[in-house]
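Consider the single chain below, provided in C-alpha cells and representing the form predicted alone.
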Amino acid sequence: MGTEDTSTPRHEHALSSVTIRFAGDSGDGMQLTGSQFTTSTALAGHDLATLPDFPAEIRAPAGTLPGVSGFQLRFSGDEVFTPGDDPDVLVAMNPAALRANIGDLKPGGLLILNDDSFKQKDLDKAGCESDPREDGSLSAFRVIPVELTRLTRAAVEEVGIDNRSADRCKNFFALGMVYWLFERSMEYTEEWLAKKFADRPLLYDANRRALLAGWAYCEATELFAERYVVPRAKVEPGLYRNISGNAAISLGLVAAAHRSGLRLFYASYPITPASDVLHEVAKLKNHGVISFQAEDEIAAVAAALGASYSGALGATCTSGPGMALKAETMGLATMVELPLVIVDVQRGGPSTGLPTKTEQADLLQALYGRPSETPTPVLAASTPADCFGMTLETARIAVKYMTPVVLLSDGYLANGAEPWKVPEVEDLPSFPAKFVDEVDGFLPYARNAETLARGWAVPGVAGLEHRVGGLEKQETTGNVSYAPANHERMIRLREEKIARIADDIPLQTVDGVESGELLVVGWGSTYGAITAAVRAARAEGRAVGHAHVKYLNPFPKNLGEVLSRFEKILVPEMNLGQLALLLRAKFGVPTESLTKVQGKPFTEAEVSGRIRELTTRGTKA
C-alpha cells in the first residue's frame, strides 16, 4: 500500500491489545466502518470482540446527542473476552460524537477529530458551551484534527459526484487512516466495495479513492509519529469467520433442523434487536427453511406452534415485549406438549424502554411469565459464537422432551461479533426426531419412561387422531378432563418432565479455584467481563472461581454443591438481581448482587472492583 517516506521515519510501537471506537452521526456509516475494520483485523490474525452502539431514534436530528452511533472493537494477540472498557483510540466525526464519548477515552489516548464539523452551528447542535478544541478540555489526550470533509471532497473530485455523496465517503477516508495507523491491509475492503457497488461504479470509485486517500494522507504527513503493531493471536487451526449472536442463532436453527431431520419453520415479527435473525434465516431458503414474517407476535408464535403440530421444527424469535405477547401460546405449547424454540433477545425495558440497548431483565419472565404452572426449560448463551451451540441445544431439548424451550440472548450478544471456528457438520450433535408410527394401542399422552415425553403424532395419519387445545388433558388419552385429581397429576407430570432434563445436561463447571473465598456466578453475556475479571483476580493471588450458568431451568444437578464450596457468592447481572434471587430461593445461599441497568454491558473494571472488595489478596491462585 505504498512505501514509507524515509525522510519522516515512523517508530513502530508494539501493543498487546488495542481498543478503538468509531463515533459519529447515525448517517456517518460508523457501523460499516467498524465492521470493515473488524473483518480486516480478523484477517490479520487477531482475536477480537466488538460492541456496536445504535441510537434508538430512527431519524434523530443530525449532529445531536440522540443521533450518535458508535462501534467499539478490542483486538489482541491474546484471548479477548470483552470489547474493552475504555478506548485507546477515539475517532469522532462531530462535536456530538465527541461529547458523548470523550468521557470514556483513556488519558493519553489518541483522539482523531473531523475538524470540518466543529463550526458554531455544529457546536450548538451538540449543546457545547465552548469549542472543546480550544477550551483546554482535551488537554489529557493526543488530539489529531483532520479536515476530513475537505480532504474527502478533494480525493473524489475527479469522480464527478455531488458534495452530499462525496461527504458520505468521509468514513472511508477515516478508515484508511486507521488502517495505516495499525498496518492493516485494505485488500478486503477494496473487494467489498467492488461487490457492494458493482452496479454503481461512481460510488465504488469514490469510496475507494477516499479509502486510499486516508492511507496516503497519513503516509505523507507527520501527524502520527508512530504506528502500532499488535501480535497475531495463537489460535487453533481451522476455518474461521466473524459472527454476531443473531447470525449464530440463525445458523444454529438451520443446523438444528438438519441434525433433527426436520424442516425448519421460522416465524417472527420484526422487533429490535431480534429482527436480524429473521433477515438471516430468510436468506437460507435453499436449505429447507421456511421463513414467515407474521403480522404480530401472537401470530408468529401461533404459526410456529402450528408448524410443530404438523411435524416441523417450529421456532420464533423476539425481545421482551414480544415474549409477553407470546405467553399464552407458549402455555398452549406446554399443554399440548409439542416442541417449540423461542429465542428472546433481551433489551432495555420496561415497555419500549431502550430498544437498541442491552439488558438481562427477562429471566423471571422466561421462567414464570405465563399463566398458572407452566414449566419451561430456559437456557442462555454466553458469547456471540456460543449462540450457535446453545441454539442447537435448545432445539435438542425441545424435540427430545416435547416441550417449548426458551433461549435467552441479549442486545450485546446479538450485535457484537467475535471469531468463530466453523464446525464440521458431522461433529454437531444429532437428535433425530421420532414420530409415532404404531397405530395399535395409540394413546397420545402415553409417556416415554425415561424422559416422560409424549409421542409426536402428526396429523393426517389414520388411527392417530387425538385432541389438541388448551383445555386440560386426561392422562394418556388426551381427552378433555376437568377432574381435580387429574389436573394435579398432569401439572406434576409436566413439571417432572422438565426436572428430568437435569439428568441430560452437563454438570456445572468452575473456571479458577474449585473452592475458596469467592465464587462469581454469572449467566448470559456477562461471561466476558466476569472471565477477564476473575482471571485478573487470580493473578493477584485471590481465591476466586467463576461459574457461568447456561442452564437456568432446570439448574445443573451439582450447582448447589458447587455453591456450597465457597464462602461468598457474587452475582453480576444486568438487572436488579434476578439470578441472585433464584439462587437464594433454590439453594438457600447468601448472595452478593452486582447489578447494572444502563443499557451497557459490564466492564472488566466494574467486576474487578467488586471482587477486590469481597476478597483478600493471598498467594497466587
Partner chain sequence: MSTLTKKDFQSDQEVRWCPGCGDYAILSSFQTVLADLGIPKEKFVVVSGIGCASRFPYYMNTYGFHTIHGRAPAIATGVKLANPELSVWVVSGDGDALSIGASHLLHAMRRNIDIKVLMFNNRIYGLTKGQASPTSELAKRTKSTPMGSTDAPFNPMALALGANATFVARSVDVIGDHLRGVLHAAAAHRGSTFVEIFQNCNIFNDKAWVSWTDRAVRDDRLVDLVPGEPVVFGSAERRRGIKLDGLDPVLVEFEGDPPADILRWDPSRPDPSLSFLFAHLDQHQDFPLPIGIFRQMGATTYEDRVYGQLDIARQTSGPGDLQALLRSGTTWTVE
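Positions refer to the first chain, counted from 1. The structure displayed is predicted, hence computed values, not measured ones.
As for the form predicted in complex with the partner chain, it is not shown, yet the points below apply to it.
In the model of the complex, the partner chain sits within 4.5 Å of a heavy atom belonging to E424. Residue contact with the partner chain in the model of the complex: V336 places a heavy atom within 4.5 Å of it. Although the partner is absent here, V405 sits far enough away that none of its heavy atoms falls within 4.5 Å of the partner chain in the model of the complex. Contact annotation for E295: at least one heavy atom lies within 4.5 Å of the partner chain in the model of the complex. Contact with the partner chain in the model of the complex, defined as a heavy atom within 4.5 Å, is made by none of A499, A536 and L552. Residue-level contacts in the model of the complex: of K121, R492, R200, K285, one residue has a heavy atom within 4.5 Å of the partner chain, and it is K285. Residue-level contacts in the model of the complex: of Y188, F431, Y217, F224, one residue has a heavy atom within 4.5 Å of the partner chain, and it is Y188.
Judged by heavy atoms within 4.5 Å of the partner chain in the model of the complex, the contact stretch among the candidates 200 to 208, 165 to 173, 231 to 239, 352 to 360 is 231 to 239.
If you take 308 to 344 and check each residue for a heavy atom within 4.5 Å of the partner chain in the model of the complex, you get Y309, S310, A312, E328, T329, L332, V336, L338, in sequence order.
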